[in-house]
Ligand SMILES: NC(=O)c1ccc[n+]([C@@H]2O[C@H](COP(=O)([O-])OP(=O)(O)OC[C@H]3O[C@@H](n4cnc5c(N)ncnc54)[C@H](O)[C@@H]3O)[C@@H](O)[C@H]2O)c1
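Read the single chain below, which is given as structure tokens and is the form predicted alone.
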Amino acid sequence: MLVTGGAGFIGAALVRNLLAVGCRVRILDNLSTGVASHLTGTEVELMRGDVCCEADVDASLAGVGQVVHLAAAGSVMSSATDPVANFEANVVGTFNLLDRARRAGVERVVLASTGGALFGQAEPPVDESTVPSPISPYGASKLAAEGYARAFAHTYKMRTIALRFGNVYGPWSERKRGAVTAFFQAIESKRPIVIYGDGAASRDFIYVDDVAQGIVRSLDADLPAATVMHICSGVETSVSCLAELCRQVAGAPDHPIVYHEKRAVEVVRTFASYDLARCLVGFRPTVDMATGLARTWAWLRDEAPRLREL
């Protein structure tokens, strides 16, 4: 089993879930955002390399039957600042992985895609029938990656599966550019929590171990080629509500919040239905936000500093 980006946030959780069910895991990661110490205590093979490099991908695919492709440039805001780098990582990188995988005879490729960024300002809840309409380069790059996955499935008879994640949070996320991490880091450093817009914008937040279980189920299930599924919570949570939950979990109910102007490339409202994933692979999220945020805060406060010293 190859996991690209396996030293990153979702990868660190996924690797542990894969090892728990008896998989042998190889990781390809350039460590630009991944952290080698995330893999401390795991029996995995870490190969340092880039999904845009054919030689690196070829070496990582040797003897591999299945691939989970997590390596990506994952920030909406960074994609607006540097769309070229986003395109190269997410489109060129995904194409290169798919092309080298089909040449290597890989049986199945599961790709990490996105929910809200793919659909733009669509009326929620979105599902697999909702027409994509991305408003950021990041969303466009994920739509292009899904398109290539579908094309490779039909042209080369590969079994590709695209999983559209909600806004993932949890342990191992100290480098993630997302609201949960930003809010907790602001509280820890005694800086105000920054909310862009009026706080009414909403997201579908899902705990990282629930995402990992969705991926594992997708590796085992007898799914049609070019399957697309949402792996999400199905719950709409406003940014203001999230900030309040983070303050309560961190024991800082009066921590200051400041409001800045809304950012143009961000979706206003988004949450999704996971009905198809429930029907096809038995997926159902199990970790509620209060529990998940408490675990995340504890990890960021206690474990992240320790890992930085390794």
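Counting begins at 1, following the sequence as shown. Everything quoted here is computed from the prediction, not taken from an experiment.
FYI, the form predicted together with this ligand isn't displayed, but the following is about it.
A.B. asks: Does I10 reach this ligand in the predicted complex, with heavy atoms at most 4.5 Å apart?
C.D. replies: Within the cut-off, so yes.
A.B. asks: Hey, in the predicted complex, does C232 get a heavy atom within 4.5 angstroms of this ligand?
C.D. replies: Because no heavy atom of C232 falls inside 4.5 Å of this ligand in the predicted complex, the answer is no.
A.B. asks: In the predicted complex, does D50 come within 4.5 Å of this ligand, counting heavy atoms only?
C.D. replies: Result yes; D50 sits at the interface with this ligand in the predicted complex.
A.B. asks: How about T40 - does it come within 4.5 Å of this ligand in the predicted complex, if we only consider non-hydrogen atoms?
C.D. replies: No, T40 stays farther than 4.5 Å from this ligand in the predicted complex.
A.B. asks: For the chain seen here without its partner, which of 191-199, 160-168, 216-224, 102-110 has a heavy atom within 4.5 Å of this ligand in the predicted complex?
C.D. replies: Going through the listed ranges, the match is 160-168.
A.B. asks: Could you check which residue among L70, A277, L242, V67 gets a heavy atom within 4.5 Å of this ligand in the predicted complex?
C.D. replies: Selected residue: L70.
A.B. asks: Could you work out which of Y138, F184, F119, Y207 is the residue within 4.5 angstroms of this ligand in the predicted complex, going by heavy atoms?
C.D. replies: So the residue touching this ligand in the predicted complex, by this definition, is Y138.
A.B. asks: Heavy atom within 4.5 Å of this ligand in the predicted complex: which residues of 1-33 meet that condition, in order?
C.D. replies: Residues within 4.5 Å: G5, A7, G8, F9, I10, G11, L28, D29, N30, L31, S32, T33.
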